[in-house]
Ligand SMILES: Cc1cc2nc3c(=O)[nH]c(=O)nc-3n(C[C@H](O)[C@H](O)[C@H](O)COP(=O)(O)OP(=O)(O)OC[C@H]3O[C@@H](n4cnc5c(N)ncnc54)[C@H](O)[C@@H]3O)c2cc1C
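Only one chain comes next, encoded as structure tokens, the form predicted on its own.
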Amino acid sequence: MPEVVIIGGGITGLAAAYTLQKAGNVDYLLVERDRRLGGKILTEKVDGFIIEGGPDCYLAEKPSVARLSAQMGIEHRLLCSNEDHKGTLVLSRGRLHKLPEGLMLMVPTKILPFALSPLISWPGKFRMALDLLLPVKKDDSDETLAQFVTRRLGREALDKIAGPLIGGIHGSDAEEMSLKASFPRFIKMEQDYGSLTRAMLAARKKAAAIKPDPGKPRHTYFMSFIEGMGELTDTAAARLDPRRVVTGVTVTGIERFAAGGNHRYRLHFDHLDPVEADVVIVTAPANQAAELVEDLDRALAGTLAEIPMASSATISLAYRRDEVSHPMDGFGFLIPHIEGRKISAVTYSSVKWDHRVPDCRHVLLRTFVGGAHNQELVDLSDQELLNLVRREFREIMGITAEPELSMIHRWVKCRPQYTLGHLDRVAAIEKRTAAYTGLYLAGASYRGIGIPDCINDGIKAAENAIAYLRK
């Protein structure tokens, strides 16, 4: 019998399993209900195209991906984005506008490019400039991202920049996102500098003073792998003992029982005999975790079920370059919700990254539906969804050609929403879980949605498991 059972084979579970494997003296079992490992990281290779069904990158400022890659010997496979083409556009009143040079997150740090940009009206620009004069929030209460941005920078900055740029990262509605849970750094910026603008100017000055180390690999803000993000999860899975990994099996319940003065756990499956373990690490999304612990602790299950989950889909289309007249100048464009479009963003995958198309005669575009808005579109048939995307491409980018390739990936109730009260919910979950020694919950539902956050959470859960077993 294993000492540790890990439920879920996404990047969180793989990081946990890899940590236990490196420890060398821990018997573990990783159980994944799908036939493949990797979770939301899904890279497919078709006819020379590399298509990301889930995230296409990670943020280099968080080092856990690079660190794990180095441990697994694949740091040479890391891929920088094409900085010669970097830039993001925003759709406003039916036209695409480049975000002005010097815009950091949502704050302008260069006056002239911002002043000349037609994206924000002059009243909107003056309102954003008031950030330098407005007082700091005095109380410690949480607020939504929308409330914070509107308070500091104004409504137009929220609608045209912060909402699509920052809310889009989370697939969330800025009107409901908890600032403390999603972007605590903004709170610190306001408290430390009295202004987001001053904070960003200081950060820009500090970054400019750092000289590149020729002995270290080059990194860009967005990073991926030569053959897609799947290289990360595929490598992690390949490093595990195959005898300790089971796929295509669903955990149906967890029970706790007394054994020799301690407590252990008995896990039930749909296609396996029950398994007993000292430690259980649950990395499934909170809504699925709620079902797993329902019989163990209904109060815990109820709090887990309170974390909202959104549905989304990615649609990738490949075209011949000579059939796309659009310049594709930048990494792609964002679409504010106020534009009333069905899609929320478009990534020029073959511009942002090398190695994504078989040759220079092709281009690869990736778009998104769902998230906090228009979730019902995820339920459309493949043909309906493809027709919808092609109509949007035609009206926004003038693309009328038939795509040479199209792929749709749906993620139903998989995107956690860090709404107001999220930190209180997580605190309640942690307090309740603490009563069950040897039970750990980890993953994107709790303390960060990004790939680096998930890796950190999986490693921490495994380290806690090792410390518990050594007691």
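Numbers follow the displayed sequence, beginning with 1. Keep in mind it's a predicted model, so treat the numbers as computed, not measured.
This next part talks about the form predicted together with the ligand, which is not shown.
Contact with the ligand in the predicted complex, defined as any heavy atom within 4.5 Å, is confined among 66-74, 399-407, 427-435, 52-60 to 52-60. Interface residue among L317, A284, V389, L145, judged by heavy atoms within 4.5 Å of the ligand in the predicted complex: A284.
Using a 4.5 angstroms limit between non-hydrogen atoms, R33 touches the ligand in the predicted complex. Taking the partner from the other structure, the ligand in the predicted complex has a heavy atom within 4.5 Å of a heavy atom of T250. Looking at A444, you'd find a heavy atom of it within 4.5 angstroms of the ligand in the predicted complex.
For I7, a non-hydrogen atom is located within 4.5 Å of the ligand in the predicted complex, even though that partner is not displayed. Residues are counted as partner-facing when one of their heavy atoms sits within 4.5 Å of the ligand in the predicted complex; in 450-471 these are G450, I451, P452, C454, in sequence order.
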